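In structure tokens, the next block holds one chain alone, the form predicted alone.
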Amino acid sequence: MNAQNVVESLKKRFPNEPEYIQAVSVVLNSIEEEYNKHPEFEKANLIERLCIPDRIFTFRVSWVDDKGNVQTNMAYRVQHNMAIGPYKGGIRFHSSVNPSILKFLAFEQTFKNSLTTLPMGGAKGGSDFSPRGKSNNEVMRFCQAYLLELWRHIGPDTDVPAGDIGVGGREVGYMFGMYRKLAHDFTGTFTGKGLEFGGSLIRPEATGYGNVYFLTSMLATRNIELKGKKVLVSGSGNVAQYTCEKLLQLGATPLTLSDSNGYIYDPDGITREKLDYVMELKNVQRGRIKEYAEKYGCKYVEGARPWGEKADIALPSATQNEINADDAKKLVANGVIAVSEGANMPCTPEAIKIFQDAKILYAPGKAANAGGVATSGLEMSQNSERLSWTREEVDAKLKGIMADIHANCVKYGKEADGTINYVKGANVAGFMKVAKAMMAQGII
């Protein structure tokens, strides 16, 4: 395989899909050497079969707003690969949603799920509907209308969706309720459900907690402790909130949070009390992060991201491509020792190269933020067994999974000079499991 030739071929077949091409390019360049050690992969045209989704569903969603007007949105489900288990991946409700973004997310999800060691394939879905500014009734009506089409394509052994940007417990609850009514059964078809109807303890916290667990393993390779470190965190949703919570528990100090309007910088640190306020502001009041700055009298920067502030560690936890080359240069110049991705593909390829050239610790999202989907897998297991594990049991399993992911990254990513290329390690480890499964199952 020549990675660049494959990427150029995909560009011609799928023009105007930059996020998808970016994700494929990063993976193929890092697995090329390992792939070429297996001529049987090339003979079976494995790489093309792995890059192109199994199927994509595209459909219209019509719903009625509170004023009685009919609104229309586009919706999608990308079922990428199920060689190692049923399709598994979140649903995103955001105005930016399009096929390119969902294809990149489903492609990444395939390798992320493989890394968890749990039997889950890769998928992603969503709509250009935005819950922001909508009433609960409007969100409910949209979710129900969305499920009128989606329900026929999902199931506990087929495709198990979860939340993502714009889709939290409220939205998952509405969608699960509609699925249950349409399918006439009660199964673990969604994860991220409420505790009252099959949800798992630690699931809301899992992505943020898992990223911090991965970060501690990464720091340990250089005998560095997390305690006492100052940390830049972007975003202010589920992932960012619980990233801050775990940082505080382990003795680190989060300094920043952000949303689509701007970021706050609190030099005194975001304490437990302040984090409780953020959770109330974002999860209940659905307000803007600017209100934090107004309440606590700290710095707020409109229309910007926090990467120019000085700290020890950066944890991008908002969205894709939020750290570009200029941001990466600022982080390196300010002495950041580690960057671990809480979001999906938040660093551009140029930014990643800058981090790697500077020899700072850098962890890609498919490894570092896999705690969320790992705990979704644990929720699926609990649903199948009709039981519920304790908070301590789930947290212990999450820690173990993140430690295993880190170990696999080290196994496949250790370079001749002793440094660890986590991008290569994560991609090769995730790829090999899926590739071997596909080979064993024949050309289908």
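Please read these numbers as outputs of a predicted model, since none were measured by experiment. Start at 1 with the first residue shown and count on from there.
Omitted from view is the form predicted in complex with a small molecule, to which the following refers.
The listed set Ser200, Ser114, Thr207, Ser340 contains one residue whose heavy atoms approach the small molecule in the predicted bound form to within 4.5 Å, identified as Thr207.
Of the residues given (Asn238, Thr110, Ser127, Thr189), Asn238 alone sits with a heavy atom within 4.5 Å of the small molecule in the predicted bound form.
Residue contact check for Asn344: one or more of its heavy atoms lie within 4.5 Å of the small molecule in the predicted bound form. Although the partner is absent here, Thr256 is not a contact residue: none of its heavy atoms lies within 4.5 angstroms of the small molecule in the predicted bound form. Taking non-hydrogen atoms only, Ser317 approaches the small molecule to within 4.5 angstroms in the predicted bound form. At a distance threshold of 4.5 angstroms between non-hydrogen atoms, Arg170 is out of contact with the small molecule in the predicted bound form. Note that among 224-232, 173-181, 258-266, 134-142, the stretch whose heavy atoms approach the small molecule to within 4.5 Å in the predicted bound form is 258-266.
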